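A lone chain, given as structure tokens: the form predicted alone.
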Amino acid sequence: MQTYLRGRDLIGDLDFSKEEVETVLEVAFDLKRKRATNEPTPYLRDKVLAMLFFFSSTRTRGSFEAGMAHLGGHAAFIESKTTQIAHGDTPKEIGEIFGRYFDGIAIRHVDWGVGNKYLNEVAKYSRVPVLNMQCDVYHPFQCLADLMTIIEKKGRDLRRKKMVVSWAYAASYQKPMSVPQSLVLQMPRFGMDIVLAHPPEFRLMPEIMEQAQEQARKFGVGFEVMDDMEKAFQGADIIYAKSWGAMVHTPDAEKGAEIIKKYSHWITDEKKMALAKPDAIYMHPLPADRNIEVTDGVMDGLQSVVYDEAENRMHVQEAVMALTMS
């Protein structure tokens, strides 16, 4: 167990070693048990977390606010448009000043080509931990919650489990690609064979793919990429199907929207789920475009674990905050 994470940032999924991730999960499971038995967990009494949002949120804001309260501290919600960031506050100034006001800085900034650079710039000047609530490249807390959920459903020995990370159609907007990128980086470290499925235009960032393949080689697991959703689902233990944008192919939002329209048949429905193993689980970070991205029958079906997955966001976030901000 890696016991000294105090003061550490969590911006990218590989910022923590496999052993450090295992420590986070141990603490998260302990916090979840204590929550169930109503045991107090005031590990961050009188600590304050700044939550800076450049992008709307439901689960992220709610789970971080609740988590800080459970730990005995306070979370301050700060919306970028209602601050002087819109009028000139730089990342350096945010890092320097919020690093003196607060005990941790959590940021959600998913603008393509901007978000991750912003987080790293703030972290460069902050004297307190910077936590990534989602950027254009990574979504580490969602991935930790996903891993915790998979362990709950499939056990701790995940070697040779087939996890499908698939693109799915959604008409609402070009969603960030941070979730699939975090998944292909993190999950090979825990023994799962990864199948990444997407139409040709929806490839992930080349540097992320290189790192993911390196992790797969290091941990001796499979890593396959295909453009056939049905073929990918065959014999899967874990189905994680969600939409993301074509930003690597084209950063133009209108062109990206036109490309998305070509693939409306990439929906997770009962017929496709039947191709996976009978005990396969369906995962999604939410919100999903119901009956466009995934059918109600799958989302609300017996194989869906989306609500347990959403709950576990709170537990893994509490664990990281307790470990880094204490």
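All residue numbers refer to positions in the sequence shown, first residue = 1. Everything numeric here is computed off the predicted structure, so don't read it as measured data.
Omitted here: the form predicted together with a small molecule. The next part is about that form.
Put simply, of A66, L286, A257, V48 only one has a heavy atom within 4.5 Å of the small molecule in the predicted complex, and it is L286. None of N132, Q142, S243, Q181 but one reaches within 4.5 angstroms of the small molecule in the predicted complex through a heavy atom, and that residue is Q142. Remark: R108 counts among the residues lining the small molecule in the predicted complex, judged by a heavy atom distance of 4.5 Å or less. Under a 4.5 angstroms non-hydrogen atom cutoff, the small molecule in the predicted complex lacks T37 among its neighbouring residues.
Using a 4.5 angstroms threshold between heavy atoms, H70 stays clear of the small molecule in the predicted complex. Although the partner is absent from this view, K32 stays clear of the small molecule in the predicted complex, with no non-hydrogen atom inside 4.5 angstroms.
Of the candidate stretches 53 to 61, 38 to 46, 294 to 302, 268 to 276, only 53 to 61 has residues whose heavy atoms lie within 4.5 Å of the small molecule in the predicted complex.
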